[in-house]
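There is one chain below, alone, in C-alpha cells, taken in the form predicted alone.
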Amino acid sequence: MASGLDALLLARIQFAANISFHILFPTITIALGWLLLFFKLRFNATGDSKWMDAYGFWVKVFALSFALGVVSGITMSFQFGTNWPGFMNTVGNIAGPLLAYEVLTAFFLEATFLGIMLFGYRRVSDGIHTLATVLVAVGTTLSAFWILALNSWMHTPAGFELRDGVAHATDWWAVVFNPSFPYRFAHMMLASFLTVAFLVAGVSAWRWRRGDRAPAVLATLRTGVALGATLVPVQILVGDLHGLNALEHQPAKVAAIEAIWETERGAALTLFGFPDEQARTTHAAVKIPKLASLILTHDWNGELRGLNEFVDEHPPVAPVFWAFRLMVGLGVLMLLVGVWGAVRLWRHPEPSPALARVLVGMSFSGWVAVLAGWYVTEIGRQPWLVQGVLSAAEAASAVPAPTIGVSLALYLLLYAVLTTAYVRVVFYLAAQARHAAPFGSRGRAEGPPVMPYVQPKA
C-alpha cells in the first residue's frame, strides 16, 4: 500500500514537472504572437523602422519559445501512456478529439506560417508577411482555446454520459463551453499577456541599462509597461469572476485556498498562516474578519463551506494555500510596478535607473505567477483527475516507484538545463541585437526592396 502511494505521488510530481516546464513556453507564444502583429501593424502604418527592428528581435524569441513548447508538449503526451493509462481509457473519447482539434487547427497553422514570419520578409509581399503574422497569432490562441477547453472540462465536466465506465460525449457544445471554460480561458489569456508584457519590458530595460539606446528598445519598453499597467486590473476582475465560478463548482478547492476548516458565515480572510491537516487548523493565522466571505460571495455574511465537509475528498491544503498567495502577491507587485512605470514614462521620455532595474528583476515574474496559479488550479482539483468522474489513483499505472523516480530525476535535470539555456539565449540575443543587421536584410540580394523599410512615410 505504501509503495503504491509513493508511486502515485511520484507520478503526480512527474506530470507536474512536465506540465510546469511545458506551460512556460506557450505562455509566451500566445501573447507574443499578437504583440508581433502589433509591431508589424505599427510599422505598416507609420513606416518607422523601430517597429520592424522590434519585430525582428522578438520574432526570434517567439521561434525559440515555440520550438521548446513543441518539444516539451511531446514529452508531456508520453505521460498519458506511461503513467496515466486510465485517463485515456476512461475519457479518451472526449480528450482525444479536443487534442486532435488543437493539432489540426492550431499547431499546423503556427508551424507553417512561422517560417514566413522568420524568413519571408522581403521574399514575399508585405500583405503576405502580415497575413502570416495574423495566422500565427490566431493559431496560438486556437491552441490555448482547445487545451483550455479540455482542462476546464476536467474541472467542470459537462455534455457527456458514462457507459460501462467510459465517458461518451452527448453534447460537444456543452463539452467545449463547460461551466468554467470562459473564466479559465480569459484568465489564462490575460496571464499570458502579462507574462509577455513584463518579459518585453524587462529585457528591453536590460538592453537600456547596457547602453543600447536604439529607438526599438525604448518603444518595446514603453509597450511592455503600458500593457502591464492596463491588464493587471482586468486580470483582477476576471480572477474575481473565476473565484465565484470555482466556489460554485469546486468548493473544496476554494476552502483549501482560504484554509477554511469549518463551514461558516462571515468567514475571515487568512492573510498568512500555517495550515495543519492533521490538527485540522491553521497555526499563527493572521486574519481580516469577514473579508473572505465578502470577496468570495460579495456578501459580508456569505456562507463558505469548510474543509471538514470534504474529508478525504479535498486537495492538500498547504500547497494550494501558499501557491495562491504567491500568485496574488506577484499580481499586486505587477500592479504597483506597472502603475509606477506608466506614470514615470508618461511624465518623462526615458525610464529612471531605479525603474529599469526593477523591470529587469521582473522579467520572468509572469512565469512564476503562472506556475503558482497553475498549481492552485491543478493541485486544487485533487484527488480528482476529472472532477467527480475519475480520481488520480484510478487513472494511475502500475509502474513501480523506483522506475518513476529515475525518469523523474532525468526529467528534472533536463528541464533545469533547458530552462537555463533558454534564459541565457534570450539575453544573448538581446546583447547581440544592437550589432545585428536590420531584420530582412538578408532577403533579396539584388534589386530594390519589396517594401519601404527605413524611410518613414511622408
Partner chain sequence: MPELTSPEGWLPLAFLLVMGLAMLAYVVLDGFDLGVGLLFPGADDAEKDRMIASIGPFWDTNETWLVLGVGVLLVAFPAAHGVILGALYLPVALMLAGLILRGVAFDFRVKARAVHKSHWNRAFFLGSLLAALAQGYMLGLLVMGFDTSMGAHLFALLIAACLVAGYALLGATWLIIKTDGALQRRAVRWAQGALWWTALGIVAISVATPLLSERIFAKWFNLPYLVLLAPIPLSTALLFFIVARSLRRLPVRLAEGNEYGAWVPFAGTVGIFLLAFYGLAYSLFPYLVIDRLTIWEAAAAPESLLIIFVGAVVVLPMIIGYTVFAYRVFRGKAADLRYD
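In this text, all values refer to a predicted model and were calculated from it rather than measured experimentally. Numbering follows the first chain given and starts at 1.
Below, we turn to the form predicted together with its partner chain, even though it does not appear here.
The contact with its partner chain in the model of the complex, taken as any heavy atom within 4.5 Å, belongs to Ala63 out of Ala393, Ala63, Leu41, Ala416. Think of it this way: in the model of the complex, its partner chain has a heavy atom of just one of Pro182, Gly81, Pro319, Pro233 within 4.5 Å, and the residue is Gly81. Although the partner is absent here, Ala197 sits far enough away that none of its heavy atoms falls within 4.5 Å of its partner chain in the model of the complex. Shown alone here, Ile116 lies within 4.5 Å of its partner chain in the model of the complex, counting heavy atoms only. Shown alone here, Leu32 lies farther than 4.5 Å from its partner chain in the model of the complex, counting heavy atoms only. Its partner chain is not drawn, but in the model of the complex it has no heavy atom within 4.5 Å of Thr46.
Stretch 99-107 is the contacting one of 99-107, 261-269, 371-379, 338-346, since its residues have non-hydrogen atoms within 4.5 Å of its partner chain in the model of the complex. The candidate spot formed by Gly120, Val399 and Tyr422 lies fully in contact with its partner chain in the model of the complex, as each residue has a heavy atom within 4.5 Å of it.
For the partner-free chain shown, Thr403, Ile404, Val406, Ser407, Leu410, Tyr411, Leu414, Tyr415 of 401-416 come within 4.5 angstroms of its partner chain in the model of the complex, judged by any non-hydrogen atom.
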